[in-house]
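Coming up is one lone chain in C-alpha cells, specifically the form predicted on its own.
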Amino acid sequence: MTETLAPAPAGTGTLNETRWTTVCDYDDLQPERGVCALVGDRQVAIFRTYDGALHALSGHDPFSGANVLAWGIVGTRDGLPTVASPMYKQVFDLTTGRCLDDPAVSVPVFRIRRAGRRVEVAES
C-alpha cells in the first residue's frame, strides 16, 4: 500500500510528492534486529532500536557488494545507533549512513515513519 502526501507549495510549477510504501507492522519489528524490504526498486534495511526509533538505509554493503546490511549486528558507537555489516564488519551510523570505519564511504538513508501501526518508507 502506498500513499501520497500533499503537493509542493503553489507557484513551484511541479508537484513535489513523497510516495510512502508500507513495509510492515511496527509490532513485527523486533528491537535491535533488521529486516529487508523492497521499496520501489531498492532493497532497504529497516531497524527498530531499543528506544523504539525507526531507521532505514540501503541494504547494500558497499564493501562486499552484497545486500546484507539488514542482517548486521545492531549496536551503538559513541552514542550513535549503528549496524555492523555481517560480511567484513564495517560499522554504519543508522541516522546518516556514514561508515564509521571509513568516513569516505556511506550508504543512502531513507525517510521512515510510523503511521499508526504501519511502518512506511519514503520511495524518494
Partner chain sequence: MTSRLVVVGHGPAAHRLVEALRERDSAGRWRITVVGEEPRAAYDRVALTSYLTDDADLGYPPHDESVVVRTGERVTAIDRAAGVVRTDAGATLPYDALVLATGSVPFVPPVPGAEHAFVYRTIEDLDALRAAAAGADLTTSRPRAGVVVGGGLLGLEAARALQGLGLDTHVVEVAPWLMPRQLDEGGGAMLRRHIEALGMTVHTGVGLERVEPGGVRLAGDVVIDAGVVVFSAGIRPRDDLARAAGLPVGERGGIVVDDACRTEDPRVFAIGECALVGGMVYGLVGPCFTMAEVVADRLLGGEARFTGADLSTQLKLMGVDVASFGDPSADALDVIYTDPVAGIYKRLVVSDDAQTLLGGVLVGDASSYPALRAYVGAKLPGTPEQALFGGTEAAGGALPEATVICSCNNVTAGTIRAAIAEDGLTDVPAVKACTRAGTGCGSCVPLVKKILDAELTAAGVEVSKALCEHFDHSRAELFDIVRVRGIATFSQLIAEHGRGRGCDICKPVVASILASLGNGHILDGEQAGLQDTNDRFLANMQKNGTYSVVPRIPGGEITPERLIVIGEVAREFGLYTKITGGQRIDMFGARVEQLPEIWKRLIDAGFESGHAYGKALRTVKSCVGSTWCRYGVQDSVGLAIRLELRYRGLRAPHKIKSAVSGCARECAEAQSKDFGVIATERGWNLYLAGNGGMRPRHADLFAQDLDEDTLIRYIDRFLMFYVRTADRLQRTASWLENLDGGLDYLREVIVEDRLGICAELDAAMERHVAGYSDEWRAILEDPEKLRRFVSFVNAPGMPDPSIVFEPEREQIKPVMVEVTR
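Keep in mind that this is a model prediction, so the values were computed, not measured. Residue numbers count along the first chain shown, from 1.
Here the subject shifts to the form predicted in complex with its partner chain, a form of this protein not shown in this document.
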Although its partner chain is absent from this view, report whether residue 23 comes within 4.5 Å of it in the model of the complex, heavy atoms only.
yes
Using 4.5 Å between non-hydrogen atoms, is residue 99 touching its partner chain in the model of the complex?
no
Residue 109, heavy atom within 4.5 angstroms of its partner chain in the model of the complex:
no
Using the partner position in the model of the complex, report whether residue 95 sits within 4.5 Å of its partner chain, counting heavy atoms only.
no
With the partner left out here, which residues of 38-67 have a non-hydrogen atom within 4.5 Å of its partner chain in the model of the complex?
38, 43, 50, 60, 62, 63, 64, 65, 66, 67
